[in-house]
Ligand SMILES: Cc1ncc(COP(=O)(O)O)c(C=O)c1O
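Here we start with a single chain on its own, the form predicted alone, put down as structure tokens.
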């Protein structure tokens, strides 16, 4: 019997980075040291006060969480936005807690896309986070990737796209600091993007889950700040910003994120989401309240990521391996020595170092690799030493 199947599943296949998770599990079962820079899943413990809030938040009687989230959580998210970006938002109308940013990004198009309409495309940057495309396709839309280049600083300049591409789009995704390249943009970039999308009546979604992972000297701006130019409340028409506690607070397994933006877009998500059933359990929301309300732990984590960054940047520089982007996030983006990212990733595996080939993030990533700064600082030093020894022995090339 031929079972029914969504053709998208066979067309898209599994999520590319899931294979690295499976590989890492296999290699960890072996006795030799493993240096896993593949998946952005930090190994540092979640701060104790967040874990305590989770435990203390377990109710005596378990009940369904609401799609709108706890009022205390919406208030905590709004408070974070005010502290971090200097922007005042309404916690009841312009904030929506989510079960992580990936889930939110995937489901946003379900409330935006008319599968039978003329404007069904999602614009996004390639290389990039494939969920922008996949959520749009599963919602009945189409994908319109835009090739990003090193020469242009890995920036998606919406205003430079042909008019016909803009007229076919219902949503555009920007992502700065950028995964996988670590590139950043200034506030004028967000202003240009917002001007373009409003001119062409496109919803502008900004994925800012790495907003708090950056060198201390350079705090990345938010699209929310571009919407807040001038006195008074910000003009959030036609925009959504996705935020996350995964990297900021070491809460990847808690699945806690948020959408902030246009009250009408938030209202549409509140209608949509009870149909899906993605609301975070209340204990997770209590933990998220604690995390969004505290900035000190995020500063401490940032300092740790920056220490790892310095170790690996120094190694790549000394090895003659060209680094691009890598100005923020906890990713480093480097040109594949020899030019073939897949081949170099395979060569690194022989030395028990796992890096992600750039093609896992779209065709625009071919020839590049991404390092996620997951190992400890000492783990980064050990990996760099092993890598350097392999280059010195001639078993790995040391430049592109």
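Everything quoted here is computed from the prediction, not taken from an experiment. Residue numbers count along the first chain shown, from 1.
In what follows, reference is made to the form predicted in complex with this ligand, a form of this protein that is not presented.
> Tell me which stretch of 318 to 326, 150 to 158, 181 to 189, 209 to 217 has a heavy atom within 4.5 angstroms of this ligand in the predicted bound form.
Residues of 209 to 217 come within 4.5 Å of the partner.
> To verify the annotation, which of these, 222, 269, 246, 285, has a non-hydrogen atom within 4.5 Å of this ligand in the predicted bound form?
Selected residue: 246.
> Quick one: of 234, 141, 125, 100, which gets a non-hydrogen atom within 4.5 angstroms of this ligand in the predicted bound form?
For this set of options, the contacting one is 100.
> At 4.5 Å by heavy atoms, is each residue in 49, 81 and 292 next to this ligand in the predicted bound form?
No, the candidate spot makes no contact with this ligand.
> Find out whether any non-hydrogen atom of residue 85 is located within 4.5 angstroms of this ligand in the predicted bound form, and reply yes or no.
No, residue 85 stays farther than 4.5 Å from this ligand in the predicted bound form.
> Please run the contact check for residue 255 against this ligand in the predicted bound form: heavy atoms, 4.5 angstroms, yes or no?
Yes.
> Using heavy atoms and a 4.5 Å limit, would one call residue 113 a contact residue for this ligand in the predicted bound form?
No, residue 113 stays farther than 4.5 Å from this ligand in the predicted bound form.
> Does residue 105 reach this ligand in the predicted bound form if we count a contact as any heavy atom within 4.5 Å?
Yes.
> Need the contact residues for 379 to 397: heavy atom within 4.5 Å of this ligand in the predicted bound form, sequence order, or none if there are none.
The stretch does not touch the partner at all.
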